[in-house]
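Encoded as C-alpha cells, the following chain is the form predicted alone, with no partner shown.
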C-alpha cells in the first residue's frame, strides 16, 4: 500500500518509478479491514484511487455492547469502511503494470552519494537515484537505515476473521452492517464492521463483516504456543492461517463463549478461516540514510487501534513526493521529508500505545493507569479511537 502510494505520487512529480514486490503472487488480505477518515480519502483521491460510492460501505456510528448484548454506549461518527484488498486493487489499477515487478526479494543494497543499487534473489538488480523502503513491519530495507531496530511485541494478539454477509443471521444483519460494534471483556476488546466482500464486492448481500479480537498473550511460552504450527514449527512474527493448530482454534472459540456478547459468539463460528496476528509497534530514529528513505510500516508501526496504517503510509508518500519535487536537490528534499514525518510517526505510535493500555494491567506510572481506566470505559473507547484526524493534523 505504501509503495503504491509513493509510486503514484512520485510519478505525478515526473519521476520514473518501478515497484519491486517480494511476493511472487498478487497480494491478498488476511482478514484486514480499513475504516476511512476525511484526510485519508483526500490523500487516496490525490493518488488516483476512487473514493466516491465505489470506495466502501457507510458506517454511521460506534456502539458498545455488554456481555448480554445490550448497547451501553453510542457515539455518532460517520465513516466509510472498506477492505484492505479493495483499496490495494484501487491503487494498483492506477499504477502502470509494466513497472510493478513480483517475486523480487532483496538480498543486498549498495548506496553512495548519488545512486542506489539493489540486488535480488533471482539474480537481477536495479539502480536509481532513490530507494524507497515500503516493505512493511519486517522491512528488509530498514536494516540498511537503522540496523539495530526491531519491532516490539505489545503483549497481546489479534484474532481476525471475515464473515460473509449471506451467512450473518437475519436478526443481527441490520445492527451489524450500519455500525462499528465493540465488546469489552476485561483486558480484551473485539470489534466488527462491514467491508467489501470477495472480489471487492460492495453489493448488499455480497459484502463481509470484518472482526478483530485483541486478547493478551504473554511473550515467551504463551505466544510461542500460539505460533507453533501443526508440524511443530514455531513461527516468528506471524503464522500462516492454515497452519494454526486445531486445539488453538478450539481454545479461542471456547473462550469466546465465556466472555463475548451474543452477537460476536454467533459470528465467530461463521468465519471460514481465522487469522492470528501478534501485535507489535515500532518507531524509527531515522527515516533517511543517504539515498534511502523509509515510509509506512517500514518506518513506524502503530497498533491497529489507531486505524492509521494506511493514512500514515499515504501521508509519508505524499510528504516524500512534495519534499522531493522534481528531484533537483534530492538530498535537501529527503532532509525536509524526515524533519516533517518523524514527529508525526512518533506521535501516532505513542497514541497506539495509549489506546492499548486497556489491554494490560501493569503500569509504570499513575497517569498511565488513569489513562487506561478512561479508555476502558465504553464511551471513552469509542471517542478516543475517533481522534485520528486531530492526532495527525496537529503533530508537533
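Positions refer to the first chain, counted from 1. Just so you know, these numbers come straight off a predicted model, no measurement behind them. Rigid core here is just the name for the largest C-alpha set that superposes within 1.5 Å across the two forms.
The same protein has a further form, the form predicted together with a small molecule, not shown here; the description that follows concerns it.
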Please determine, with the chain shown alone, which of 97-105, 167-175, 219-227, 247-255 has non-hydrogen atoms within 4.5 Å of the small molecule in the predicted complex.
97-105
The small molecule contact at residue 160 in the predicted complex, heavy atom, 4.5 Å:
yes
Find out whether any non-hydrogen atom of residue 20 is located within 4.5 angstroms of the small molecule in the predicted complex, and reply yes or no.
yes
Should residue 111 be counted as a contact of the small molecule in the predicted complex, where contact means heavy atoms within 4.5 Å?
no
Does any part of residue 143 reach within 4.5 Å of the small molecule in the predicted complex? Heavy atoms only, please.
no
Among 136, 185, 92, 155, which has any heavy atom within 4.5 Å of the small molecule in the predicted complex?
136
Checked 309, 315, 197, 278 for heavy atoms within 4.5 Å of the small molecule in the predicted complex; positive is 309
With both forms fitted on the core, check whether the Cα of residue 122 differs by 2 Å or more between the shown form and the other one.
yes
Rigid core fitted, then: does residue 176 show a CA shift of 2 angstroms or greater between the shown form and the other one?
no
Rigid core fitted, then: does residue 268 show a CA shift of 2 angstroms or greater between the shown form and the other one?
no
